[in-house]
Structure formats: C-alpha cells, structure tokens
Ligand code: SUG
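In structure tokens, the next block holds one chain alone, the form predicted on its own.
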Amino acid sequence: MSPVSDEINFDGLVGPTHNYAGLSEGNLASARHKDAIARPRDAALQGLAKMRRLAGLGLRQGVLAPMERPNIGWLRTLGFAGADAAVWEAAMRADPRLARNALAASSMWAANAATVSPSADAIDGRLHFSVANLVTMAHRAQEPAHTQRLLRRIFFDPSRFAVHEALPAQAVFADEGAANHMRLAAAPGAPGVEVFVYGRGGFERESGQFPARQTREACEAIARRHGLRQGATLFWLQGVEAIDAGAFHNDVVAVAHGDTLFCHEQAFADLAGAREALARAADGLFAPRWAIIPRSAVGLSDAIKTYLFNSQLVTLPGADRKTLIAPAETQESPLVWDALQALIADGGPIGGVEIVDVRESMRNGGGPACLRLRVEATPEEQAAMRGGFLWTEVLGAALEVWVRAHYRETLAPEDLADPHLLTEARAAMDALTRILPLGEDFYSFQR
C-alpha cells in the first residue's frame, strides 16, 4: 500500500533499561507509577506493534535507535571512576536516584528529539532539524549528543539536510523539541504555517505548580536558524492551567496535521487569539480547520490521564477525513470515548479513530504521539536519506527477534543495581548495530 504523503513517523525504539523511576516532574503518570515493576520486553514489543500497525495502514514509518544506558560516560563526569561496571555499582551505592537518571530509557519518546521544519517552509530549501537540549530534566539533558549523532547518520547530506546542534544548555533556551511544535499546510509539500508553543519567557521566573519546559526564546531561535518565513511562523503561550494539570508538553493537549488542529479548549492561554492568528497566517495558503474538545465535555484531568490529545493525527490512503491514532486508555474512559465518538459524528475534519496499546509507555508518561518524530520529506529527500531506517516487515521481524533475545521480561527497582544489567544492555546495543545501519562504532563502548 503506497502512502498518501511524504510524512514519515520515526518512532523511538524502547531501550532495554525501561523502568519506572518517576524522574519527570510535572508528568503525573510518571510520578504515579514510580517504583512499579516495568516490563521492558513488553514495552519494546508494544512499540514495534504500533509501528507495524501504522505501516499496515499505509503510512510511512521509520525507526530510531535507543541510547546507550546506563550512561557510564555521564557518571564519570560526576566523579565516579574505575572500570565501567565499578562505576555503575559505585553510583548505585552512593546515590541511587542519581544513578537512575543515567539509566532512563527516555529517548523512546522521539517527539522530544528535535524540532523539524520541512524544506517547503525554509528559505534555503533544506529540511531542518534542531536537536532539543532538554535541560529541564537531568535524565533527558544527557540525550542531545546522541540525538545529533543519530540524525546526522540518517540525514547525512548537508546539501539537503541541516541537523543543527542543540541550543545553549541553560534555562533561557529550554527546548523540548517537536512536542511543543505544530505544522499546518494545505497538502504535503505545500508551504505551511509553523506554530511554536511555549510555557514561559526565558527571563521570567516560574509561576506555576510545575515547570514550564519550553521558552519563547528557544522557539524564536529555532525559527531563525531554520530560516522560516516570518508571516508563517506563530508563537503561542500554553495555558498555565494545562501545565499545572500535567500537560508538561503542548502535545499532551494539542496535535495538528494537514489543515487541522485538534486541541482541548484550555490548551492555549488565548484560544480566540490563536484562532485569529492562524487564520491570518494561513490566508492564501489554506483554510485552517479546528476540532476542539470543550472543558464541559472532557476536563483537563481526564484528557491528560487518557492522553486523548497525545494521539497521532494522520491521513490514511484514500480518506477524505483524518484519523486519530489513540491510546487504548481513551477507549476505556466512557467520558473520553463518548466525546471522541461525538467529534467523529459531527462531520468535522476527524472521521475515525484507531486504537493502539502502548501501556508501558503510557505508565511512564508518554502516549502514541510522544513515541514519534514526524518528518515531512520530499521524494528526493527520502532518496538522499541513509537506507535501512524505514520500516519493512523484514526489519520489523528482525527487531522483534532482537527484543526477545536481549530484553528482560521484568525490571523492578531492586534489579537496577544488578551488574549484569550493564553487560546485557551493551550486548543488546551492539547487536542492534548489525540490524540498523548505525555503524560498528555508534555507541561509545564500541569505540
């Protein structure tokens, strides 16, 4: 089945150290499941099943490799010394919470890897990526170097792709990637409107219950370096009520695709102003369509608990209306499910829903949209990408065999100090470099 667009969803593979450490402040699901027993094998297989499902629906699907964890190099910068296994054991003895920051499998949430602007929007005609610095959380701030290395491995032709390094790693430029970025356009390949959503000004003090992870200064810097057209670039303030309710990223309360923006009524500080601004920016390009769930139908608490808006909004082959790829939790909430069915029945831009089970990710605070980085690429750009990272059934089968061979069935808090965890994780990563075209020296322990 051939896809209808040049949009590729690159999903992050769940790493073998997937566990519930409750490291993410403001992420209610992460906090609620702290120290629960994780199931790394199930988590990875659920992710692969989601990729297979979307590919089977006719969408382009890509795969991103997990990071090397435990991050022994990071622990060495914090004063731990000796052989690698000794570093891990010493860190777990000295400060288990610090050590668990070096163990997080959080790169699975590829929506935070980078912000992506297609070549149709950029003045220089290249496809642009800005790696996210993720400075707000210690476990995620370790990711940018790996992300840059991975993206440059895939998008290696500088005449077609620009993979920018992360913004300066400090609070003024706090950046969480595509989770706070939306793009709307009439059709694939057409110039669009890019919307950056931020929680605070970089020079402002935090004012809410939970940290606002994206700054306006970061958004503006990314728009400048991507060479975006000023009139087609918007900056919206996220609603403080949404952040304090647990919407730590915009994609927990809003998602856009094509000409449609699906959101909660309280997603933005000024919804009416946002609608007017989008209409002005899109004038002459397309007519924006909105699908808004009012607070009277679904409150923020239920929307965030079920990750209703952390769904993927897609266009399936031959379809006139869009489809929502939603987590199973939406179907299990009568309130949310009724609101979804009413939305579909009203004849608006969203015409159907497909349910996926990503429970292990959901329990750690990430739904279907968190797991993917959306890249819109022309056929010429796709041809210039390094092969081997796009989904095929052969690749999917190989990855499933790999997961079953290398991942533990369960991982409890008391298992994390096991010195064999380091060697097991490294064996898995080494084997992965023979499945994905990463190169034999991709991970630091291989060099």
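Since this is a predicted model, take the numbers as computed values, not measurements. Just count from 1 along the sequence shown to find any residue number.
Missing here is the form predicted in complex with N~2~-(3-carboxypropanoyl)-L-arginine; even so, the following discussion is about that form.
Annotated contact segment (heavy atom within 4.5 Å of N~2~-(3-carboxypropanoyl)-L-arginine in the predicted complex): 107-115, selected among 120-128, 107-115, 229-237, 83-91. Annotated contacts: 20, 139 and 213 all touch N~2~-(3-carboxypropanoyl)-L-arginine in the predicted complex [non-hydrogen atom within 4.5 angstroms].
With a 4.5 Å cutoff on heavy atoms, residue 46 does not count as touching N~2~-(3-carboxypropanoyl)-L-arginine in the predicted complex; it lies far away. For residue 61, no non-hydrogen atom is located within 4.5 Å of N~2~-(3-carboxypropanoyl)-L-arginine in the predicted complex, even though that partner is not displayed.
Interface residue remark: residue 248 is counted as part of the site for N~2~-(3-carboxypropanoyl)-L-arginine in the predicted complex, having a heavy atom within 4.5 Å. With a 4.5 Å cutoff on heavy atoms, residue 324 does not count as touching N~2~-(3-carboxypropanoyl)-L-arginine in the predicted complex; it lies far away. Only one of 306, 147, 364, 311 comes within 4.5 Å of N~2~-(3-carboxypropanoyl)-L-arginine in the predicted complex through a heavy atom, and that residue is 364. Scanning 242, 256, 219, 179 against N~2~-(3-carboxypropanoyl)-L-arginine in the predicted complex with a 4.5 Å heavy atom cut-off leaves one residue, 179.
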